[in-house]
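A single chain, nothing else alongside it, follows as structure tokens in the form predicted alone.
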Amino acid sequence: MKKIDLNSDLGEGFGKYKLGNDEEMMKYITSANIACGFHAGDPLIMERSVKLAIKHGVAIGAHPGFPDLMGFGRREIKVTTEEVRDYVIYQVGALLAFVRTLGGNMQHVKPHGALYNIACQDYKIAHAIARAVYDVDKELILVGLSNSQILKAGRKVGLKVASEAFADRTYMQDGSLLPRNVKGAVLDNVEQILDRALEIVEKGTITTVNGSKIEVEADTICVHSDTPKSVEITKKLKETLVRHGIKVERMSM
């Protein structure tokens, strides 16, 4: 039986500002990437998000990004590999403290936004992230884009890795994601997203922006929580996968 993990980026509010419907999303995903305070999130939101994940039996992951609240971590910042390593240790460690005090376990780490995109292409940055994750807890799974430098670096340092694909994002021919500032980068047509998810899991391919198909590996599919139809999309996606005989379970199982 084919299987797949469904992950989503959650806990991305800040203070009185709320983003997405985490309570509803938790009902349909199997892994949550929780913001750690740099691009979004704060101590209260982090604790609440961990409690929600434990309540719903959802695997917990840290979602570290650049220190960029104004830009939601989606702006590229020039940093050294030492800075990247320390940023990741700081954020993963903060979330890990909440997880442990609440009696949970952390499953994975998935970089956020611009940090993720840079690490997909830049091995030195990817290696700094992987080294940081390994030094915090070598049992953590490092999540990265299929065929990216993140996965290569993770394997190199001795981590378990999970290959990620996106059903709600447009791909370019080289396997990278179309930048969010380009029209059509984020998809919101439910049926299109469902079709793409099935293509990923059943065929191991994804259709790119120019209509061609490229190969992708997927241990987990990301569904974004900050789009208007996120809950509807995630609910229907899980139902569709199960209906097609695909087991939806956390990546560590």
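One rule holds for the numbers: they count along the sequence shown, beginning at 1. These figures come from a predicted structure and were not determined experimentally.
Below, we refer to the form predicted in complex with a further copy of the same chain, which is not included among the displayed structures.
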Original post:
Looking at a further copy of the same chain in the predicted complex, is some heavy atom of each of K16, F72 and A94 within 4.5 Å of it?
Top reply: yes
Subject >> Options 203-211, 186-194, 35-43, 56-64; stretch whose heavy atom lies within 4.5 Å of a further copy of the same chain in the predicted complex >> reply: 35-43
Original post:
Counting only non-hydrogen atoms and a 4.5 angstroms cut-off, does E215 reach a further copy of the same chain in the predicted complex?
Top reply: no
Original post:
Using 4.5 Å between non-hydrogen atoms, is Y171 touching a further copy of the same chain in the predicted complex?
Top reply: no
Original post:
Is the gap between E139 and a further copy of the same chain in the predicted complex 4.5 Å or less for some heavy atom pair?
Top reply: no
Original post:
Can R100 be called a contact residue for a further copy of the same chain in the predicted complex at 4.5 Å between heavy atoms?
Top reply: yes
**OP:** Please pick, from V157, V161, I89, L177, the one residue with any non-hydrogen atom lying within 4.5 angstroms of a further copy of the same chain in the predicted complex.
**Re:** I89
**OP:** Output the sequence-ordered list of residues from 201-227 with at least one heavy atom within 4.5 Å of a further copy of the same chain in the predicted complex.
**Re:** D226
